[in-house]
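Only one chain comes next, encoded as structure tokens, the form predicted on its own.
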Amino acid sequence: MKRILTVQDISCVGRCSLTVALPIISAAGVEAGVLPTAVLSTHTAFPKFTFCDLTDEIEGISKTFSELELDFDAIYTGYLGSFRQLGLVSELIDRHKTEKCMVVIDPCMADNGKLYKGFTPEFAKAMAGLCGKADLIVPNLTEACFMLGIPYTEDYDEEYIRKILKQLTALGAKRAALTGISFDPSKLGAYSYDSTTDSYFSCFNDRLPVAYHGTGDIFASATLGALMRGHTTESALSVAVDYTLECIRLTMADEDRRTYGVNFEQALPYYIDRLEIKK
């Protein structure tokens, strides 16, 4: 069985970060090791939450993994909350990266043209440096623009997206996939570029008239799970796009749905079935 290490925060209640990464990757039949960067009572979309910073634990945990000679088939990072965490995670990647270990980075820090509270353009530049160590990065367009230091726009065409993707791989990442891309008001999906083959790929599905917290984390986790199951990058992205949509559909149909996330658990049987179909 393959083993991954995912580095991000955990909210005791709220479907995001580790509370979605762990079950989705486990459902893919992959051992999910975790390195929590912080513990929150709930995620930050709640009106009130507690926050316990675990930055001081990162280096010790990483070194202990090395001393135990633990190996990983992938390292997957999500929300990282400070410059110091970026530095420590960069060292962790250097310490544990091997030829067989894939690095997937979701640079969670912005959306809808704005950085999340507490982040700065300088942080985005530092995140771009970390992304340079990745085999695959999965930013949304806002995050991509901040990392590249260019203005954000919602008025784009396919040529513009291809240009952004090439600029992202120029940071050092082998492959980049932009999430939340749409050229048709009724469709939404991902667009990727593989610098090792100089090839592009896109996958789209229905766009629903809702927005829920945590879908980016679901997408990234589902992508990694599929990659660990032997899917190509293109196939893994397709699985993730379709699974995320299924999560949203099931949430919309649930009269008892929560306001803080999607019913990704209810859609896990769909995800497991899709993992068996490799395109």
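Quantities reported herein were computed from a predicted structural model and do not represent experimental measurements. From 1 onward, residues are counted along the sequence shown.
The discussion below concerns the form predicted in complex with a small molecule, not included here.
Contact with the small molecule in the predicted bound form, defined as any heavy atom within 4.5 Å, is confined among 226-234, 63-71, 26-34, 39-47 to 39-47. Contact with the small molecule in the predicted bound form, judged by any heavy atom within 4.5 Å, is made by just one of Y116, F204, Y152, F201: Y116. Proximity to the small molecule in the predicted bound form, taken as a non-hydrogen atom within 4.5 angstroms, holds for one residue of L130, C108, L178, L136, which is C108. Contact between D217 and the small molecule in the predicted bound form is found at the 4.5 Å heavy atom cutoff. The small molecule is not shown here, and in the predicted bound form it never comes within 4.5 Å of any heavy atom of Y191. With a 4.5 Å cutoff on heavy atoms, N263 does not count as touching the small molecule in the predicted bound form; it lies far away. Residue contact check for A21: none of its heavy atoms lie within 4.5 Å of the small molecule in the predicted bound form.
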